[in-house]
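Only one chain is shown below, in structure tokens, and it's the form predicted alone.
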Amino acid sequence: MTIETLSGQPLSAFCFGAMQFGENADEAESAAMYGACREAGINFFDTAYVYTDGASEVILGGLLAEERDDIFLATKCASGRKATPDVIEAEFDESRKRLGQETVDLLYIHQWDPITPLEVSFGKIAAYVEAGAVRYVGVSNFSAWQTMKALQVAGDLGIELKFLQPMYNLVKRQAEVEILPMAISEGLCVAPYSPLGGGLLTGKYADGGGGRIESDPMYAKRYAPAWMHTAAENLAALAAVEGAYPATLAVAWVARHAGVTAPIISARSVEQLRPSLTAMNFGMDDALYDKISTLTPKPPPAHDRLEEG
């Protein structure tokens, strides 16, 4: 099944994440990045109820208003809260008001809820699908077994779970073990986030630049291991040899995996975004892909039988 916008345009090979809109990117810079993405051919845009206290959805909704049918619009609900019908309804109704839209192309459950039965959560979303308010359904930050369970539950309710949004980059490769092979097997579309590893893989930290890894405790912990920083330095060195930006190589490497549909790129400014946009047309051959892959440890197979890896 081909995923298309309302106007029938195929889904772009990259997605833009509007997580920075309204915080690190003001309205003018957000508009400039949106325009750069559209010029590059991106029609897939991602946001969430929790991003920047709603400013992300408000700004993105205003930017796409005049070309809504040409945009594949994704948002998410139930992050850090139980995915109950009341929470889903309250957040999704507010998201639609912010976005200025009655319908979204894709609605994700933002995180796994270990308390609320999936039948209850997806029952609410199924009602939105039936009413035409949601075109496609997805899950974000779900493990492979959680996704398979969700696939079964959604199917039993008569809706199709089609999208998966995991974290995936050169220093966070756990998705290669089960999530990406599962997605290929089950025909899921995968839009991985953080292809630049919170900015680590741009090389800016080694050059003394600041960013989320220094200012945000969550990112600092996520990318704390020293080997990750060594890998980023080695990627920057390789990029210099290739005559490319480290960010271009990092994003192109993620995009090249057979299980990836559209990596989610993001930035604070157009200048910062350009290397990621360049990755859309970067020709990465097998030799370069393999060379980049060797910069970080390949995760062991799920059964941990290394002799079969």
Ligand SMILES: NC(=O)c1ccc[n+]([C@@H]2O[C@H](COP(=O)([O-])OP(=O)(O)OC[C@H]3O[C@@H](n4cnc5c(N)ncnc54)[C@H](OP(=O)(O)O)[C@@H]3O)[C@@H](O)[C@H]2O)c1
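Position 1 is the first residue in the sequence shown; the rest follow in order. The structure displayed is predicted, hence computed values, not measured ones.
Another form, the form predicted in complex with the named molecule, is not on view; read the next lines as being about it.
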{"query": "Residue contact check: Ser266 to the named molecule in the predicted bound form, 4.5 Å heavy atom", "finding": "yes"}
{"query": "Any non-hydrogen atom of Leu196 within 4.5 angstroms of the named molecule in the predicted bound form", "finding": "yes"}
{"query": "4.5 angstroms heavy atom contact with the named molecule in the predicted bound form for Gly123", "finding": "no"}
{"query": "Any non-hydrogen atom of Tyr51 within 4.5 angstroms of the named molecule in the predicted bound form", "finding": "yes"}
{"query": "Heavy atom of each of Ala18, His110 and Gln165 within 4.5 Å of the named molecule in the predicted bound form", "finding": "yes"}
{"query": "In the predicted bound form, the one of Thr116, Asn234, Gln101, Asn141 near the named molecule [non-hydrogen atom within 4.5 angstroms]", "finding": "Asn141"}
{"query": "Interface segment, criterion being heavy atoms within 4.5 Å of the named molecule in the predicted bound form, picked from 236 to 244, 271 to 279, 36 to 44, 60 to 68", "finding": "271 to 279"}
{"query": "Stretch 215 to 237: residues contacting the named molecule in the predicted bound form, 4.5 Å heavy atom cut-off", "finding": "Tyr219"}
